[in-house]
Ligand code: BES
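Consider the single chain below, provided in structure tokens and representing the form predicted on its own.
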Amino acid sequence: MNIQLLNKNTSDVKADVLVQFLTPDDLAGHVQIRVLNQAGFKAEQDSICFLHEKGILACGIASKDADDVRSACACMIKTLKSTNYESAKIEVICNDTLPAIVEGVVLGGYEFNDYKSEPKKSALKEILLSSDALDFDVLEKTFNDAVIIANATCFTRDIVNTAPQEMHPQSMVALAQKLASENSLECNILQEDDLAKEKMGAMLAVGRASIHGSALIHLSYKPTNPKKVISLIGKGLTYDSGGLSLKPAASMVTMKMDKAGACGVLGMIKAASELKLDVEIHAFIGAVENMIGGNAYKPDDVLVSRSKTTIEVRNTDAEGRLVLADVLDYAQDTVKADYIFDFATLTGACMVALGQYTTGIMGHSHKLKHDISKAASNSGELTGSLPFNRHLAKLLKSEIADISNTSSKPYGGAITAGLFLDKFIKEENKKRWLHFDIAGSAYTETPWDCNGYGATGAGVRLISQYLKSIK
């Protein structure tokens, strides 16, 4: 399906269907108010009324805010794809809501059908956005940026949704190399021999029972005279069985999503490079598969991380933080960044704290958390801050090593996981680092907003918005 922006009055654009977004106030003065009333349409948020004989699709919105428009647009595109219409047109009345329309169409219309032998085909071929009343150059820039970010989000979704027999650590390496080639990025891969030389004992332990070798991926986007240097670190557990602390069978379903942090980081650097942002980006990914076998790491093992911090393993299902411990340490030594952000489907406890729609943010800089929260609001993603405190940090104490990989109490699990990572952040970087727990927001089995079943691409829109705002 193609989406275009035209410098035309909507009445001059030829399409099968005219899409109109209506608030209750708009409905009251609509030319088709009698017919819409007869259909029972009240312009409630995400409600739909198709006037086929008029070629009009009325979509209810509670307000003209971007969040409401995006959600309604996602409902609209699903409705259109179920019909035999080939084209639809939408009048753009505000530059601020244009990204929401694009995201509603592209993300709301997203489907992952790679494994269906006979995927359902849609007749819908194009969505035409039009305006001749606004500054078209400004509008076109907004449109093009929105398309790049939406496509990068779909790129991320595709990787997360790919089955684990196909997307393992080495295929993630190949994917990163392909992205580097296509987007003119620098690419450096550390395979297991290299990881051993770097003494990444924590990361290597997690992946050693897998038949697929672990790898650390480093992609770089380096524009001339960048305003800032940003390091993005992604947890890339291509599959997580829980290791010897085996997950229950039902909990293993959807564990292909445990690579969503890494996939999000790939989407972020893809978007940044295509937007041609004047911000230097370094993406570091720990690509690992956590499996069981005779050589699997065990509860009671003591691992030596790259930073020489010793870690008592109390649960092999708390593996992502072990991988990130080494990757974070390597990233800090490799790049002197202004900001360091890590992304991980780290804890189910984050969903308990914030619900399944919201990304948990942790760190020491209130200003940085505020700036990210503002970017999140503008991007349409949801975030919530979880506070560190010294009492929870005490729960990671180990009697035999420097730190335990799990808390001694089952409360505040998202925060204690973040505090574990904080142990591996150098003192000079404490105020530059934020941890993003995307365990709830990265994957859904119940469609919401512009997210269908499966991966959401959490973090891509948020970080793209933040990077665009850097001055």
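Not measured: the values here are computed from a predicted model. In case it trips you up, residue 1 is the first one in the sequence shown, and so on.
Keep in mind the form predicted in complex with the ligand is missing from the figure; the text below concerns it.
- Think of it this way: in the model of the complex, the ligand has a heavy atom of just one of Asp329, Glu381, Asp240, Glu280 within 4.5 Å, and the residue is Asp240.
- With the partner removed from view, the residue among Pro119, Gly348, Pro223, Pro387 that has a non-hydrogen atom within 4.5 Å of the ligand in the model of the complex turns out to be Gly348.
- For the ligand in the model of the complex, the listed stretch (211-219, 176-184, 67-75, 247-255) containing residues with heavy atoms inside 4.5 Å is 247-255.
- In the model of the complex, Glu319 approaches the ligand with a heavy atom inside 4.5 Å.
- At a distance threshold of 4.5 angstroms between non-hydrogen atoms, Asn95 is out of contact with the ligand in the model of the complex.
- Contact check for Thr406: a heavy atom falls within 4.5 Å of the ligand in the model of the complex.
- Under a 4.5 angstroms non-hydrogen atom cutoff, the ligand in the model of the complex lacks Ser130 among its neighbouring residues.
- No residue in the set Lys270, Ala376 and Ser469 has a non-hydrogen atom no more than 4.5 Å from the ligand in the model of the complex.
- Counting a residue when any of its non-hydrogen atoms is within 4.5 Å of the ligand in the model of the complex, the one hit in 426-462 is Ala439.
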